[in-house]
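Shown here is one chain on its own, the form predicted on its own, set out as C-alpha cells.
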C-alpha cells in the first residue's frame, strides 16, 4: 500500500488497511473498523459499503469513495469525508449521514417538522430520548420517507445540532 511505511502524511490520501493485521501506520483506522462503526452504532448493513473504498487524509479524516481511486497524485478531495477518527469518540460527517443514513436502524432520532427546522437552523433543543448518548442520526419524514438531515450530539437530555454553520438553513422562512 502506497505510503503506509512513511507513516501518516497529512496532505496525502492513504487507503485504509482492511484489518488491524494489515495496519502499518499506528492509530490509522481500518476498513473493518469503519464499516463496523456504522454497523454497530447505526445498524447500517456492512454490505452497504461493498462498492466503496476508504481513505485517510490528515489525522483521522476518513473519506469514502465509490470504487477504486484514480491516481492519488496531488488530489485535494476524493469522494466525500465520512468520519472523523483519532479522537475519543468517532464522529460521522453530515455528508455521510445524508448519504448512508437511510440504511440505519439504530441511533436514529426522528423529529417532527418544527423540531427538524430548528435542528437545520443549528439550534440545540431539549429532547427526551431513551437510546444511547453520543452522536445520532437526526431524521425527519419527508413525503412519506424518513430522510436523514444530519448529525446530532445527544447528551444530558439535549440534542445538539452539529450541522456545519455553512449548511445551516432557515426552513421556516
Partner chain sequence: METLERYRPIIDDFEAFLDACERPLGNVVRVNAIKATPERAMAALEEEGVGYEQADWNPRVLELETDSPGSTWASFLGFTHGQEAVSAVPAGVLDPRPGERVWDACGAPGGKATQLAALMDDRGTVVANDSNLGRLSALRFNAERLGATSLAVTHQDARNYSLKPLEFDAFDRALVDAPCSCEGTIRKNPDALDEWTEDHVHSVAGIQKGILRRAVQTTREGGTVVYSTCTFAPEENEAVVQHALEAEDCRVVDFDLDLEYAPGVTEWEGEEYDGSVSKAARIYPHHNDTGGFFVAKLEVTA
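From a predicted model like this one, the values you see are computed outputs, not experimental measurements. Positions refer to the first chain, counted from 1.
We do not show the form predicted together with its partner chain, though everything after this point is about it.
Within 4.5 Å of some heavy atom of its partner chain in the predicted bound form lies at least one heavy atom of residue 147. Its partner chain is not drawn, but in the predicted bound form it has a heavy atom within 4.5 Å of residue 68.
In the predicted bound form, its partner chain sits beyond 4.5 Å of every heavy atom of residue 39. At a distance threshold of 4.5 angstroms between non-hydrogen atoms, residue 76 is in contact with its partner chain in the predicted bound form. Using a 4.5 angstroms heavy atom cutoff to its partner chain in the predicted bound form, all of 52, 81 and 98 count as contacting. Of the candidates 34, 107, 116, 127, 116 is the one whose heavy atoms come within 4.5 Å of its partner chain in the predicted bound form; the others do not.
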